[in-house]
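Presented below, as structure tokens, is a lone chain in the form predicted alone.
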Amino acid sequence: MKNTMPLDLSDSVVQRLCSLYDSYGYTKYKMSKFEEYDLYSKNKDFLIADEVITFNDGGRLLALKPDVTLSIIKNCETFSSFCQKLYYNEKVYRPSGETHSFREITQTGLECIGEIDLYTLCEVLSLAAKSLSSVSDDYVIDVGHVGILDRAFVACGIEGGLREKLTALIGEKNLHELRGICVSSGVSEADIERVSLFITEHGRADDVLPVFERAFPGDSDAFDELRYALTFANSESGKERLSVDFSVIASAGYYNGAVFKGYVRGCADAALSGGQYGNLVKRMGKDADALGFAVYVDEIVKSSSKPKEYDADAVILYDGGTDIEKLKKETEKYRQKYGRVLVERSIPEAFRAKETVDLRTNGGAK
């Protein structure tokens, strides 16, 4: 047979990702579609969208799963001195940003829960790069660090509500408003310049990190680890696609280290998102750290999908007068030739096929 039936593009992407994670020794984790709503109501700030589909089940308020990470942390056993390495392929249910109606989203990713050290960070960033490179040669991953930003605010004497406002503006890369709020809040010009670096400086680690090391001396360990992890991941992927961008931020209430987003050409939104979320694990009453990422398969498929040139490789037409044995023989012949053959009594005028075979008694073979 010349061709076999191709996998659906979404299935193909998921298969490649799961094979990648499995090759690194990660264990597949399967979970229920439902969780108690209380899990999400207590951690709304962690969710991409705080709207959740709920239903009553014998007095318990349950929700269709809008997130995977929360479920894994809740349900898996954690060890402070051991790192569990898990991967998953799940459906989550979230409102669409375009229509605000709920949709089913395919999400594939991995989680490391337990002791997170430098090697674990290197491995996870490498797998993030390999995840995107498995679906596209044209991708980038921007890496920030919640801990570095937090310590920079401390160094500049920025606290409370002002810190929250500036964090949001850094995420928006809104330098003009950031400077204005700093001035009106009495932040010194020197500290304004230092905080502004989180918006203005981004690029290769060797170019960007020395700027921050000069601006914020005394935090060399965090910079050294980030530099090493990016160098490691870039060398593993064979391409320098990971860079520093401290405007990639996440809530310090949940995250405590590196955070990152990956982009593939053609995707309107991030195709991958992850980070070190040890604070979330501790908030949920477990003594462990955690690091992971999710790949948004639907975004990748949407950007990769192209209109089909043909609706079928071959179409065989028949009617009540067609000899069934002849129809069977021709179908087998063309299925061997193409792999995808449609047998129908008639087809719409706009239907496209590489080849049409007409076995109708009033037609004749073409």
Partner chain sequence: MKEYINIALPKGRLGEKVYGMLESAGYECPSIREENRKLIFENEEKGVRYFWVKPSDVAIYVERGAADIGIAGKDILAEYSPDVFELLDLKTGVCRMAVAAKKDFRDDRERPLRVATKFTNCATRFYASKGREIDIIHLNGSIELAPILGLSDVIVDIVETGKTLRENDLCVVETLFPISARLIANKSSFRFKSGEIETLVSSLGKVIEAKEETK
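Keep in mind that this is a model prediction, so the values were computed, not measured. Residue numbers count along the first chain shown, from 1.
Keep in mind that the form predicted together with the partner chain is missing from the display, and what follows is about it.
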Given 173 to 181, 69 to 77, 224 to 232, 152 to 160, the stretch touching the partner chain in the predicted bound form at heavy atoms within 4.5 Å is 173 to 181
As a check of understanding, the residue in Glu90, Asp289, Glu123, Asp142 with any heavy atom within 4.5 Å of the partner chain in the predicted bound form should be identified as Asp142
None of Cys112, Leu197, Val248, Val135 but one has a heavy atom within 4.5 Å of the partner chain in the predicted bound form; the exception is Val248
**Q.** Contact flag, His202 vs the partner chain in the predicted bound form, heavy atom cut 4.5 Å
**A.** yes
Answer for Ala190 alone: is it within 4.5 Å of the partner chain in the predicted bound form, judged on heavy atom distances? no
**Message:** Within 4.5 Å, heavy atoms only: does Tyr254 come near the partner chain in the predicted bound form?
**Reply:** no
Evaluate Glu240 for contact with the partner chain in the predicted bound form, applying a 4.5 angstroms cut-off between non-hydrogen atoms, and reply yes or no.
no
Those residues of 260 to 282 with a non-hydrogen atom no more than 4.5 Å from the partner chain in the predicted bound form are Tyr263, Val264, Arg265, Cys267, Ala268, Asp269
